[in-house]
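Next up: a single chain in structure tokens, the form predicted on its own.
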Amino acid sequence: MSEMAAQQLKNIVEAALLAAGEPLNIERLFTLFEEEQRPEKKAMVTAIEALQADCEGRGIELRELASGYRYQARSEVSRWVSRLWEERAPRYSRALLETLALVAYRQPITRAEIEDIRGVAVSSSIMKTLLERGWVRIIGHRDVPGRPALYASTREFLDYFNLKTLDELPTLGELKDLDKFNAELDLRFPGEGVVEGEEAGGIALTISADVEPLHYD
């Protein structure tokens, strides 16, 4: 590809990523072109890498997430950017964060198993919220009496929490400080809607690390 064609591809990819409003993967970027104009994958990767390099030292970054690439504000400037929103969103309840963490680290997991670990019942509103937000999905049913639903995390969960794969999840030690985690969410994701759920103060997370992460094909 000539230098001019390479620059044009870079411009097209940049414009698409800025206009999309959601992460775009390479396969999706290929759909921007007619069959006879479609660039090689190597050229597309080179264009993306060039755009990432352009962001060095700036307030934005081009980050690869589970669903693709996305332009976003760097975390170090988020406390200024968050002031664009006049109202700060209510923080997520401890109960919701604990439930989401257990799904992420112990998936696939049933609601009863979550309740056994937390030591309290999981309200229906919490599971409904996680499903409606697209952070959790039902991937099957446990082969036991009652056939309870098995819950797992989604690509949307990874995208929202700025992750490419489950391997990038915070350490279990970091997750135990849910108040700090909540504060970071409040800073990084202003303007989000209300998430309701029971408060369950003082309940410690006990999560086994000996779990094979669920990968997305």
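Residue numbers here begin at 1 and follow the sequence given. Worth saying up front: this structure is predicted, and the values here are computed from it rather than measured.
What follows is about the form predicted together with a further copy of the same chain, which we do not show.
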(request) Flag this candidate site as yes only if 28, 32 and 37 all have a heavy atom within 4.5 Å of a further copy of the same chain in the model of the complex; otherwise mark no. (result) yes
(message) With a cut-off of 4.5 Å between heavy atoms, is residue 73 one of the residues that contacts a further copy of the same chain in the model of the complex?
(response) yes
(request) Give a yes or no for residue 60: in the model of the complex, does one of its heavy atoms lie within 4.5 Å of a heavy atom belonging to a further copy of the same chain? (result) yes
(message) Under a 4.5 Å heavy atom criterion, is residue 128 part of the interface with a further copy of the same chain in the model of the complex?
(response) no
(request) Flag residue 112 as yes or no: does it have a non-hydrogen atom within 4.5 angstroms of any non-hydrogen atom of a further copy of the same chain in the model of the complex? (result) no
(message) If you apply a 4.5 angstroms heavy atom cut-off, which residues in 10-29 are near a further copy of the same chain in the model of the complex?
(response) 11, 12, 14, 15, 16, 18, 19, 20, 24, 28
